[in-house]
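Alright, two takes on the same chain below, each alone as structure tokens: structure 1 and structure 2.
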Structure 1
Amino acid sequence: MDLLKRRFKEQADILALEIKEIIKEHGETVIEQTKLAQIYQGMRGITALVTETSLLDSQEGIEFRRKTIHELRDKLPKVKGGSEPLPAGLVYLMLTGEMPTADDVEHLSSVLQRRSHIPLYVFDTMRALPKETHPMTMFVVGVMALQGESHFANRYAAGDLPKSEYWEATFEDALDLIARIPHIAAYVYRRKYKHGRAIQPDGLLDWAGNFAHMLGYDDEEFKELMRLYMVINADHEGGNVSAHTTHLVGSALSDPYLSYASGMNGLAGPLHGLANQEVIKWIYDMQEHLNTKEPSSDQIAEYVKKTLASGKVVPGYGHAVLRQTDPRFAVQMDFGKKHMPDDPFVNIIWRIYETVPPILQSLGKIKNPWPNVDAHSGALLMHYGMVEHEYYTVLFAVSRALGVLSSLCWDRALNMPLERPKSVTTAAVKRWLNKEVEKLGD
């Protein structure tokens, strides 16, 4: 058995026993109460599932296996001479809970390279789509075309998959998908924006560096950006749309290809993965309105107030959980200050950061006036020439694969059941409330 797979199974067996004891001793413990407002308003703040790979703290931001973004950037192995973390190291960390060594990452990288081949029929399927097709649609179609390669689906259909081995077939599919997804995503970019001129992978490069190469960006700084981007967007605990959808569909024993594709259809929504391109559009609109490419802080403040007065939000600001500046924004700003301190568009991002929070705070009702990850990422990509904004969500999807597929491995290893929460009708709620009123009258 492969070293990583064996280490994963050892950790899974240990945790499965711990969970069994927790349920045995504390299964009836009530951890919180649900409010009607939460039921009607998107289940915000309801603790309803377990995700082992990451946890979102309102003050510290996302933590992967109890490691912050800043710790990952510092401690995960890097390419020789590089300063940004290797995404393969994060996969190792999420699967085992242990910080990998350079040798661990090199081994996993070689495994992913060996698994990266994509059958020609997948590209034929994608080519059948009109070039006008949205890049996320092309990407998900490519993933779905690969579904016939699923170990889990094929073994289950053949009656050759006992429940005790669900985790192993899921694990194999997850690594295959992580290995192949960059090639599919790069093909989408080259077909849609670069006249269909695909670039062959370079087996000597790391996973993220090779992705940058297949996109057509061989600048070492862009490869570093891809390494950072893929790490910071990999996971965001389990309740967000893409992660929760992947988990939910997987709980029906749909294979990782079906589950991941479902999650990415959720990521494609304007309220989830499209946010960074909304930031760019808002800045373009501001520049046009103010008739300047480099607005001052006062001009930005004027436009922010105009945006809010019209009943709209400032894209990239606010977060359902965070109550501080998103650490993912902070590390991107650090990357920008290091590699592109004089970029005019990036400087607009920084002036917006100085301007927006005080205005939102002055309104008094804003719980989080701080920027999230989407407030910065588009500007960094534009600096290197990636100006195709609607493609940005595909980059997000490639990164998010690392987290949701690692988490799916844990779901199967821990025998997580079919997810099926109870729902109610408004009529039932009204009957219940009337009974409560009657009790108060008594």
Structure 2
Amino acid sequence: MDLLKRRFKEQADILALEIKEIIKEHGETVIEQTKLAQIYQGMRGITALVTETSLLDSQEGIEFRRKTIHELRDKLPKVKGGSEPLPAGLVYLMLTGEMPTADDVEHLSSVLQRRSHIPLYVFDTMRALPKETHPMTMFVVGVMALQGESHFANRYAAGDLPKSEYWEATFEDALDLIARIPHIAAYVYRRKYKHGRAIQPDGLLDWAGNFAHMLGYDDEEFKELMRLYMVINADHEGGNVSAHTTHLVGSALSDPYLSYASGMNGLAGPLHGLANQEVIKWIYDMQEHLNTKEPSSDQIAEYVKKTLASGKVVPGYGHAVLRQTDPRFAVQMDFGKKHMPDDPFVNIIWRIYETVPPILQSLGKIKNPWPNVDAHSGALLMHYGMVEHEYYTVLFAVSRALGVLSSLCWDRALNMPLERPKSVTTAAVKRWLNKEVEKLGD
């Protein structure tokens, strides 16, 4: 058995026993109470899921296996001479809970490279879509076209998949998908924006470096940006739309292709992963409205107020859990200060950062006036010439695969059951409030 797979299974067996013990000893412990408002308002604050790969703190931001973004940047192995973390190292960390060595990352990278082949019919399927199709739709269609290759689905259909081996088939699918997704994503970009001229992979490059290469960006700094981008967007604990959807669909024993594609349809929503394209669109509209390429802080403030007055959200600001500047924003700002401190567009992002929070705060209703990850990412991409902002969510999706697919491996290894929370009607709520019934839902 492959080293990583063996290490994952050893860890999973230990954790499964611990969980059994926790449920046996403390299964009846009440952890919190649910308020009626919460079930009407997006279940905010209800602890209802277990996700092993990462944990989000409202003040500190995301921790992957108890390592902050800054620690990952510092401690994960890098390419020779590089300073950004290798995403394959993060996959290793999420799957095993252990910080990988450079050898571990090299081994995983070569495994991914060996598994990266895409059958031609997948490209044909994507090509059959009109060119105007949104890149996220093309991407998900490409992923779905691959679903016939699922070890899990094929073994299950053949009656050759005992429950004790669910984890193994999931693990195989997860690694296959992680290996192949950059090729699908790069093809979407080349098909839509570069006359369909696909670029062959470079076997000497790491997973993210090769993705940058297949997109058509061979600048070493862009490769570094891709490494950083793929790490910081990989996971954000389990309750966000893309992670939760992947987990939920996976709980029906839908295979990793089906589950991941479902999660990515959620990522494509403007309140979630599409916000990165919305940020750039919003800045373009602002530039046009103000008739200047470099709006001042006062002009930005004026435009923010106009946006709010027209009942729209300021994209890239606010968060359902975070209550501080997203460290993923901060780390991108750091990358910008290092590589492009004078870029005019990037400087607009920083001016918006100075201007927006006090305005949002003054409204009194927004719980988090600070920027999230999506507020910054587009401007860095634009600096290197990737100006096709409709494509940005696909980059997010490639990165998010690392987290949600690692989590799916844990779900199957820990035998997590079908997810099926209870819902109620408002009529039932009223019956309960009027004391016509004893229990909500009766």
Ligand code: CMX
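These numbers come from a predicted model, not from an experiment. By convention here, residues take numbers in order along the sequence of structure 1, the first being 1. For clarity, a rigid core is taken as the largest C-alpha set superposing within 1.5 Å between two forms.
In this pair, structure 2 matches the form predicted together with the ligand, whereas the other structure does not. Once both forms are fitted on their rigid core, the CA atom of Glu302 lies 2 Å or more apart between the two structures. Relative to the superposed rigid core, Met144 undergoes a CA displacement smaller than 2 Å between the two structures.
Annotation: Cα of Pro358 displaced by at least 2 Å between the two structures, core superposition.
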